[in-house]
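Quick heads-up: it's one chain on its own, the form predicted alone, in structure tokens.
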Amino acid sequence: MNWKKQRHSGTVRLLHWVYAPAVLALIFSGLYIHSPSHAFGFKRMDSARKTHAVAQFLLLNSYVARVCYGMKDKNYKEIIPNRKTLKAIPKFLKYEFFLSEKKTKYPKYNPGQKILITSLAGLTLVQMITGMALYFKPLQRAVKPAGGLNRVRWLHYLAALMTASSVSVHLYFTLTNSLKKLKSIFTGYA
């Protein structure tokens, strides 16, 4: 009998499919808000701002839910890089940069995925904090001693560019890894 192994629970998949489009909507609407252009898919500032607000709400709630779920199920240990992950990076990079043909098997996530997912979580946190500082007036006054809103705005923009780059790398890993693993984010099983 050929039993398929569960790779992602229903909760993980549901949260992934809530925050994945939310992140993409935030990137495009945020880039439009920063520098309006039809290339980002919006015709008016008002629609970009509404999209940004809805996507923020979805991302914030799904992010908090994912952190709580990770703590409850202790599956955060599969994601957060440790010493073993750091030691495995050179071997992983050799394979990814076509310097070695030997592909190493990893329990669930490879070192690149672990670092990427953890950095996306950190960038999301920076985006949330700086986004709230830009949006809420009481927080706008609070950031004045730290250089004012312009510095916060540039930090928010820089974090958005880093998030967009990380999403691109995530898509690269996803599309160049095995088809079974790709299917598992839809079906749960590999």
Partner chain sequence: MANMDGSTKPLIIWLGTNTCAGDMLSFLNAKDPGYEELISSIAELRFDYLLSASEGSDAINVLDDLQKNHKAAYILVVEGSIPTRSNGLYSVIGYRNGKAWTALQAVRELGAAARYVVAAGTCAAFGGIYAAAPNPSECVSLQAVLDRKVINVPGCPINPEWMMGTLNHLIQYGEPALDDDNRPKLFYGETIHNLCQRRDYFDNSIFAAKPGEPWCMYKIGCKGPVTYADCPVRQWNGEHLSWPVKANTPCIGCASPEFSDGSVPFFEHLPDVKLPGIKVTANRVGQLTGVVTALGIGAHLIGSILTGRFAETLKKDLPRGSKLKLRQRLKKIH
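Residue numbers count along the first chain shown, from 1. Everything numeric here is computed off the predicted structure, so don't read it as measured data.
The protein also exists as the form predicted in complex with its partner chain; that form is not presented, and the subsequent description refers to it.
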item	value
Check all three, Lys5, Trp17 and Leu123, heavy atom within 4.5 Å of its partner chain in the predicted complex	no
Contact label in the predicted complex: Ser168 to its partner chain, heavy atom within 4.5 Å	yes
Exercise: Ser100 in contact with its partner chain in the predicted complex, heavy atom 4.5 Å	yes
Its partner chain contact in the predicted complex: Glu78, any heavy atom under 4.5 Å	no
Residue contact check: Tyr95 to its partner chain in the predicted complex, 4.5 Å heavy atom	yes
Segment assignment from 28 to 36, 123 to 131, 64 to 72, 51 to 59: heavy atom within 4.5 Å of its partner chain in the predicted complex	28 to 36
Contacts with its partner chain in the predicted complex, stretch 153 to 187 (heavy atom within 4.5 Å)	Arg153, Trp154, Tyr157, Leu158, Leu161, Ser165, Ser168, Val169, Tyr172, Phe173, Thr176, Asn177, Ser178, Leu179, Lys180
